[in-house]
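Single chain ahead, by itself, as structure tokens, in the form predicted alone.
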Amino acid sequence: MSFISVENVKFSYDEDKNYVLNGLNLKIEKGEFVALLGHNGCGKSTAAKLLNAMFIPDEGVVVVDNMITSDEKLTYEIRRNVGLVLQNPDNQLVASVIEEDVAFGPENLGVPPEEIRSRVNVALKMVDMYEYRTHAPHKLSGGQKQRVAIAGILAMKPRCIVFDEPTAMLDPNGREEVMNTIQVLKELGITVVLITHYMDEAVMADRVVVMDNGNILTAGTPREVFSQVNLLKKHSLDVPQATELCYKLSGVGLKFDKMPLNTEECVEFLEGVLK
């Protein structure tokens, strides 16, 4: 059975049942890196909050490691296993010293003090923020704050981390810092779900899931999904810049065996085509 299973889920924010999600089905395997895409209002963030029992479906079920999220007795354990990193890191930083902030989650889990110290040190080293452990969070850059927020989740030892547009408020350097951290998590076997508007981030995933109107429009490997340029554009969605360039070139007669996903592939393909 999949690590996370979303089965025929419907969810609305009002009593009139105007569904934000309308029969959503999604499976996520242990250790997988899944990018979740879609325009604003398509249900991405709602789906993210369903994965750690912050929201409960109106209909259907969400199952995390054989635990049904609607069972209130399991909520604590589900949230320990599935951490959620939000768009604005300031909303997740609660202490005046970085190491105290990272310790907040384990303390609430009842972890013994000596183990908390170990977890905090390990988590900060994982996100390359250990040397800042005694600093004040408000003095950090946006990317550094987001890495501290990730460390706070890591200290609780989750098996999965859901990132809800974690780089949306960051500059290019901050974005790179966070994406490098996500790659480290992937290499450590942590399941990653990344909600993003940046296509260059999505191409790093094992699988891309595109949502539209509360359901899945298409899904597959990054190359499979971003090769469907016409479909994505029809639904007002972007593709990576390298893919966009070669798509336009194909429209004037250049032939590509497969659409490139990044600058390196684009250069390689163009060199081959133009020889």
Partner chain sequence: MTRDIALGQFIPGKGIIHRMDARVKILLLITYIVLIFCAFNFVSLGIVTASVIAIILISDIPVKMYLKSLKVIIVIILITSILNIFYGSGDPLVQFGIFKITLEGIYRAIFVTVRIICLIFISSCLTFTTSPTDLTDAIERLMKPLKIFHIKVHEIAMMMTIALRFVPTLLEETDKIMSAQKARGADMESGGMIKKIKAMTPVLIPLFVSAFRRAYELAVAMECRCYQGGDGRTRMKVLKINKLDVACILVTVLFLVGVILCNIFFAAKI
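Here the structure is a predicted model, which means the values were calculated and not measured. Residue numbers count along the first chain shown, from 1.
Below, we turn to the form predicted together with its partner chain, even though it does not appear here.
Its partner chain in the predicted bound form is not approached by I161, whose heavy atoms all lie more than 4.5 angstroms from it. At the 4.5 Å threshold, heavy atoms of D128 stay clear of its partner chain in the predicted bound form, well away from it. Its partner chain is not drawn, but in the predicted bound form it has no heavy atom within 4.5 Å of G189. Within this chain, D90 lines the site of its partner chain in the predicted bound form, having a heavy atom no more than 4.5 Å away. Among the residues M54, I68, L231, A219, the one placing a heavy atom within 4.5 Å of its partner chain in the predicted bound form is M54.
Using a 4.5 angstroms heavy atom cutoff to its partner chain in the predicted bound form, all of F104, E107 and I116 count as contacting.
Residues from 74-88 that approach its partner chain in the predicted bound form with a non-hydrogen atom closer than or equal to 4.5 Å are Y76, R79, R80, L84, L86, N88, in the order they occur in the chain.
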